[in-house]
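Next up: a single chain in structure tokens, the form predicted on its own.
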């Protein structure tokens, strides 16, 4: 039996295209001007849309930025969770998380650069619904790993904060280097968490 998949009408296709055009323009303008200096007018000028069209989709530049971050988070969250779920020991849990994140940052560097351009953006980024959901997934996976004995008894909230902070800061440093080396970044972060500052045996 053939199931017919409904094809979006022209109006729906236009709405999707307009929203994507606004997000693409915002990504470019945020990268060029920084979040603080960017205005809604700057974003609209970077599209072929009428000025009023923007407000049919977003109320402010903050909303566009959150949409950018939500899209990015939705792309990486399933991959991060899959790595943590398949981990059989503490090394695989920590290394898998960092390797997956840094590989993604290297591939998605435009959005990551925008997210880290200044402190205003950092504040908005943390308010993104999907980013916060990703942090919560990490916390839940850590809690499950602690309860199952995969990780030692520790505070899931503190470990979540530590892994997120290290991931974002090292990710930014990684992108500032030439060549970009996600493997080296992941190895450093993993060693830091597993061995502290003690030299490797």
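In this text, all values refer to a predicted model and were calculated from it rather than measured experimentally. Numbering follows the first chain given and starts at 1.
Keep in mind the form predicted in complex with the DNA is missing from the figure; the text below concerns it.
> Which one, 151, 49, 67, 163, lies within 4.5 Å of the DNA in the predicted bound form by heavy atoms?
Of 151, 49, 67, 163, the residue with a heavy atom within 4.5 Å of the DNA in the predicted bound form is 49.
> Using a 4.5 Å heavy atom cut-off, state whether residue 191 contacts the DNA in the predicted bound form.
Although the DNA is absent here, residue 191 would stay clear of it in the predicted bound form, with no heavy atoms inside 4.5 Å.
> Examine residue 179 and determine whether its closest non-hydrogen atom to the DNA in the predicted bound form is within 4.5 angstroms.
Close contact is absent here: in the predicted bound form, residue 179 is far from the DNA, nothing within 4.5 Å, heavy atoms only.
> Determine whether any heavy atom of residue 183 comes within 4.5 Å of a heavy atom of the DNA in the predicted bound form, and answer yes or no.
No, residue 183 stays farther than 4.5 Å from the DNA in the predicted bound form.
> According to a 4.5 angstroms non-hydrogen atom cut-off, is residue 168 in contact with the DNA in the predicted bound form?
So residue 168 does not count as contacting the DNA.
> Out of the stretches listed (24-32, 168-176, 50-58, 136-144), which one is close to the DNA in the predicted bound form, meaning heavy atoms within 4.5 Å?
Heavy atoms within 4.5 Å of the DNA in the predicted bound form occur in 50-58.
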